[in-house]
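As structure tokens, one chain now follows by itself in the form predicted on its own.
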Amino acid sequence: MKKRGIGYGCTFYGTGYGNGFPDVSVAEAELNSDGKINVYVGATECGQGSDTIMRQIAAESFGSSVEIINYYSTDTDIMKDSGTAAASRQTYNTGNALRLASEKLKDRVIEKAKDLLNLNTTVGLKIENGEVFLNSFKATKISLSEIASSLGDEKLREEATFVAHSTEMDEETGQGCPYWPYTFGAAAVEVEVDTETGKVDIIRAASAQDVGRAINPELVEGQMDGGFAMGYGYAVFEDLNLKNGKIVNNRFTNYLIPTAMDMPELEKIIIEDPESTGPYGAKGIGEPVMTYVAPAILNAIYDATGVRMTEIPVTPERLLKALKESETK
């Protein structure tokens, strides 16, 4: 017999290392000789899209498209430490450091433009699309390449450091504010359980994620798809099968993970509530998008069968055993 059920899971999640651990990112921005902007960050691209996001953050500071940005990352010979690609921290932490470095460089570029345009103040000067111009009289302008050419041997390069909020919990009371910011999310899942085989299929699913501000909505959706797949595998597929301290399922022929064919159509809902301390309002969502999936699936199995599974993954063998035990009670 096939039975259907619906389940929900929700989460709140702190960005960064937390609990007083130093959480520091450093970034640099420089005006290149051709008028483009060189940015240097230690954020490691591991498929989450940090290379794209960092370009967008720097480009936003200069009111330009990403084509103006020369991006350099993950080379300790030419850049300083941005911390690990972990703890859902790179967009928030390193993005903030890069925003600050870019804004410091922008101020220096505008100051240089003021001198070259023979103005008595920087008031009213703006940067957009590779030019500095007087907003009240746009014919008064100079390109970034002209500014770069005027520098000679002088370098316009700025560095900024961002230190995230992170305080230790009170050991006596267990109270405190170990992280900032927090992000919030939820998932809803409908499953179909075959009570004769123990197989669990997801019929439909939805995830809703607070992202602060989505700097790149397409990448956010990619993170949500990936997080759902990982949560799905955690709940139903992935079993190390430890016996006497040894991993029995030590290869992908027996350590199963969801494939594209296993994935349901996921409705993705991006919740935007800009975070005042984030780079242009953004928060990190790398890990949070996974955390609510397994609870939602297990709650849906309970709704379908009346059996509360307390061990994961919910393999067909475990579920059939639990169903049989429930019948004898």
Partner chain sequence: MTTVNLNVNGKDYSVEVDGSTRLLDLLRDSLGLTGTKEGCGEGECGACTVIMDGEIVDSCLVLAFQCEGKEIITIEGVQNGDILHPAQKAFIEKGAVQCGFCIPGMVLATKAIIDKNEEPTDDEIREGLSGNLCRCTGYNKMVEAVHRAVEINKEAK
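Model, not experiment: these values are computed from the prediction. Positions refer to the first chain, counted from 1.
Although it is not shown, the form predicted in complex with the partner chain is what the next lines describe.
For the three marked residues, Glu238, Ala260 and Glu265, a heavy atom of each sits within 4.5 Å of the partner chain in the predicted complex. Although the partner is absent here, Cys46 is a contact residue: one of its heavy atoms lies within 4.5 angstroms of the partner chain in the predicted complex. Residue contact check for Asp225: one or more of its heavy atoms lie within 4.5 Å of the partner chain in the predicted complex.
Of the heavy atoms in Glu218, some are within 4.5 Å of the partner chain in the predicted complex. Contact between Ala229 and the partner chain in the predicted complex is found at the 4.5 Å heavy atom cutoff.
The stretch among 179-187, 94-102, 146-154, 249-257 whose residues place heavy atoms within 4.5 Å of the partner chain in the predicted complex is 249-257.
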